[in-house]
Each structure stands twice: as structure tokens, then as C-alpha cells.
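We begin with a single chain expressed as C-alpha cells, specifically the form predicted alone.
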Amino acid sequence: MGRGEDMAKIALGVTSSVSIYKACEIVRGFQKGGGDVQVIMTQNAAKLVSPLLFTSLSGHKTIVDLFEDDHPWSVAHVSLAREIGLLVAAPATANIIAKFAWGVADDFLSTFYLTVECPVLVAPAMNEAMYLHPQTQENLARLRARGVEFIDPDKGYLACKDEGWGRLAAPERIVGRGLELLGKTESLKGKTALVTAGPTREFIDPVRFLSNRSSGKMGFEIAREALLRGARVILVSGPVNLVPPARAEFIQVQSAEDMEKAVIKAFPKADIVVMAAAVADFAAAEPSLRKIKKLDLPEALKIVPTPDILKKIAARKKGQMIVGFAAETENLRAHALRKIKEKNLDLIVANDVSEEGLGFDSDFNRALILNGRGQGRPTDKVSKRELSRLIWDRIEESLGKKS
């Protein structure tokens, strides 16, 4: 693999751990794997090892100061983020982990973390007491919930001359996991993914509507993961309070009818369709053009079914892979199997929305992922970020079998 030709650039964030010397091996490891490495050091790290060393190793000027006189790095953190396919923080101190977890941006590395949309891999290195401290563990959990990957530290001889947890993982482990994550950035190259997300609103009158509790988080994470794997993404979403992923073609809709039109129009361009939206099942038969007053309230609201978008596109598919979602409150597997058969799906992701703290309005979920033959098993409770990875892994596995 030619350096920098077939693989996206890797940003290596180096912080002020005594294990900083191992970062040189990490740079070399990524280079041997075909990676082009840009090193970013914190100012305290630069007091331990000269940035010139990493400049010589990487072939790129090491970035330290957010406001260097000879380079406009305050703007470069944004432009560089567009080039990076993987951000690795190794060694990562408790301080930088806390900054990442709480969005503190007071140096180049912490600011850069907030600008990247690529996978992030963190390798902690610190004293055992610091690593096991409840605050550090809370910060680690917070980042995991946001989809940050970790290479957990080893147990061994530490700089404080104690034995314990906190020793930086072996450079080859860090490099191996990094290259694995980076490899996924090209796995969907040349594919177009059509993703739906969020609820729809079916208006009763100009101010009231029928809808559901969907936040759109799952669909947005699925779209983001597809982009990270190199796909072109068309994201069709109902009304949500989320910022769409950069580089996605974003189409905002309101009603099920609006979503149906957008999906059918985009469908011929798609190779993979992931219908994660929670489309409202019912709409008012005769929406009022004026706000309904209490005195004029009818005895009953006449409702009609909304369009079955998933069934319509499945009937039109010509080689596309179609993934459906099922939000249920009982008999999860039975309902999922029925939906696979009725709607001619290649894959289904089913979850029990009655389970406390999961699904709607949550950053976490647990799902049953089944293929077209009804084979599969449930996931553990994971973040929606992680679940999006599991879903795309299953999609790619099925694509491999179809090709």
C-alpha cells in the first residue's frame, strides 16, 4: 500500500504521559501499515519530548500551539479535520480524556477532537489511582456512549514505581485496532445509502398533530456511520432537534406522505436503504384548515392509515438491499419475522421500546438483528453509536454473501 495514496491520513494526539516514548513506535507502526501520520502534541507533552522528533518521524510539522505565529492553526484544525480518517490519542492522560468527555477546547488537540467526524481511538495511560478514580471512569463511559473506541491499558510496572492498571497498551495493539477502524472508512466506497430517520407529523389542524416519541438519534447515527465507511448518504428525516452529519444529502420532511415522496424519488439512486424512521401509523382523515376549538371538538377523530413506505419500495427493489426497523412492546422476534416476510426485507432491526432507558429518547438501545432468513441474535445494551456499527457490520456481511 502506497503511503498516503490508498489510506486516509491519521492524526496522532500525543499527551504528557511518561509513556510518550512509545508514541514513536505508534507512528512507525501506522506508517508500516500504509498510513500517513500527522502528530498533534499538547504543550506539556512538548516539554517531555521535542516536537522535532515527531516531525522527523512523520514528515509533517508537528502541531502544538493553537495560535502559532507562522501557521494559522486556529483555522487549520477545521481544514485538517476534513483530511483525517482516524484520530488516535496515545498516550492519553486523564486530563485529555476529561477534556474530550466534557467538550473543553483549550488547545489544538482538544479543539481538533470537536471538529472531526472520523472514528476516534483513545489509549489511556496514567497512574492506577487516577485510572480507577470514579471521575475518570465516568469520563470513559461518557466517551464510550458517544462512540469513542478504547484500547484499555495493561496492568504492569508504572512510572510511579507501583504495579497496577494504567500502563499504556502495547503499540502494536493500538496500531492494529487503528488500522482495523481505518479500513472501514473505504468499505462502502462507491455505494449510496438512503437512510430515513425521526418521526413524522400528521396534522389534525394547523397546530396539532399525531406523532410518536422518536428522537431521530438512531437514524442519524446510521447515516453518520455510513459516511465514515465511505458511502454517499441521502438522509431523509422528519422533524428532529439534531444537526445532520456533514457531507450527507439532507432532506427534511414533515408527514408520512412527504417522506414517501422523498424516499421514492431517491430510491433508484440507492444501493442500500435503511428505514430507521418511526413513521406515524395514522393520520387524520380530514385535517381541519383552522384550529379546532374546544366547543367544536367532534365526538370522535376519524383516522386513516399512513402510506406503508417500506412495503412500497420493497416491491420496487432491483438489487437494492433493504433494512427495516420494528419498534415493538411484545413478542419481538415473532413480529420481526412477520415483517421480514410481509415486506420482503433483507435485514430487520427490532427493539422493545417498553424497556426502561432504551430506545425512544435515549442514547442507548438493545436490538434483535435478523437477516432475511430470520437468523440472528440480540445485541447487548449499547450506545446508538455502537449499534449503528453493529448494524452496518451485518449489512456488509450480507452484501458480501450477495456479491
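Model, not experiment: these values are computed from the prediction. Throughout, we count residues from 1 along the sequence that is shown.
Here the subject shifts to the form predicted in complex with a small molecule, a form of this protein not shown in this document.
Heavy atoms within 4.5 Å of the small molecule in the model of the complex map, among the stretches 81-89, 173-181, 305-313, 217-225, onto 305-313 alone.
Although the partner is absent here, residue 328 is a contact residue: one of its heavy atoms lies within 4.5 angstroms of the small molecule in the model of the complex. Though the partner is left out of this view, residue 61 does not reach within 4.5 Å of the small molecule in the model of the complex, counting heavy atoms only. Residue 231 falls outside the set of residues with a heavy atom inside 4.5 Å of the small molecule in the model of the complex. Among heavy atoms of residue 338, some come within 4.5 Å of the small molecule in the model of the complex. Scanning 249, 258, 281, 271 against the small molecule in the model of the complex with a 4.5 Å heavy atom cut-off leaves one residue, 281. Proximity to the small molecule in the model of the complex, defined as a heavy atom within 4.5 Å, singles out one entry of 194, 109, 277, 121, which is 277.
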